[in-house]
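This document starts with one chain, in the form predicted alone, laid out as structure tokens.
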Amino acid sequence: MTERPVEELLAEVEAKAKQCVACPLAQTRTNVVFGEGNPRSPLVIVGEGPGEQEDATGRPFVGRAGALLDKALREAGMARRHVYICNIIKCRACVIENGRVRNRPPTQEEIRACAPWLDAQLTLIKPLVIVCLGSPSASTLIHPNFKIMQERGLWFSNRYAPAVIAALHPAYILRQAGEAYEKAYRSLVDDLIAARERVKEIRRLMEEMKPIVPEGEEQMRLF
């Protein structure tokens, strides 16, 4: 029996996710922001959740934070087409204050309600390296109560990937100024470079253990 392409399987999961009403965020969303990029990539980037622009377009990281992530990826020698990008929750978490809508961190109940979609994504993609952007993502995929300032840049593992690293979220970096901004941004670039290098390292180890690459196996030249 021929194994179905990961793109086809992910599309089926996405179609189901777009009908999800497992938490109250379904009542306020414009779009479910499932994820995008290369589902055959060994590197997956997982953020916190959609913001205003993401909710409007249905695409992850397309606002100011997305532009900063794109810039950091370029400095790390990559582009969106080389990775897969998603969030721990697929609908925008927001509150209305003084007539204005602003983003807020997702609750644990919302993260749990959305967990099956993230689980399906990571299980199907089978990444070698996961980059968690921000504390909520790291606390979900690495360990609870993750301290981003103390533990970013360190390596962990989980059931989805042999190597997991946390980096500062681009939205946090944008709130910094001057030297603090430059330092925070550089840490993001450095962590993305480290993630790319770790993919290469794991690939080398895999090749040493299994020197003959099966015919038809997808290989990404970037890594």
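Computed from a predicted model, the values in this text were never measured in an experiment. Numbering starts at 1 and runs along the sequence shown.
Below: the form predicted together with a small molecule, not depicted.
S.K.: Tell me, yes or no, whether Glu54 is in contact with the small molecule in the predicted bound form, where a contact means a heavy atom of each within 4.5 Å.
M.R.: Looking in the predicted bound form, residue contacts with the small molecule include Glu54, since a heavy atom lies within 4.5 Å.
S.K.: When the contact criterion is heavy atoms within 4.5 Å, does Asp191 count as touching the small molecule in the predicted bound form?
M.R.: Asp191 lies outside the contact set for the small molecule.
S.K.: Does Arg198 reach the small molecule in the predicted bound form, with heavy atoms at most 4.5 Å apart?
M.R.: Judged by the heavy-atom cut-off of 4.5 Å, Arg198 is well away from the small molecule in the predicted bound form.
S.K.: Should Pro50 be counted as a contact of the small molecule in the predicted bound form, where contact means heavy atoms within 4.5 Å?
M.R.: Yes - in the predicted bound form, heavy atoms of Pro50 and the small molecule come within 4.5 Å of each other.
S.K.: Have a look at 176-184, 36-44, 57-65, 154-162 and name the one stretch with heavy atoms inside 4.5 Å of the small molecule in the predicted bound form.
M.R.: Single hit among the candidates: 57-65.
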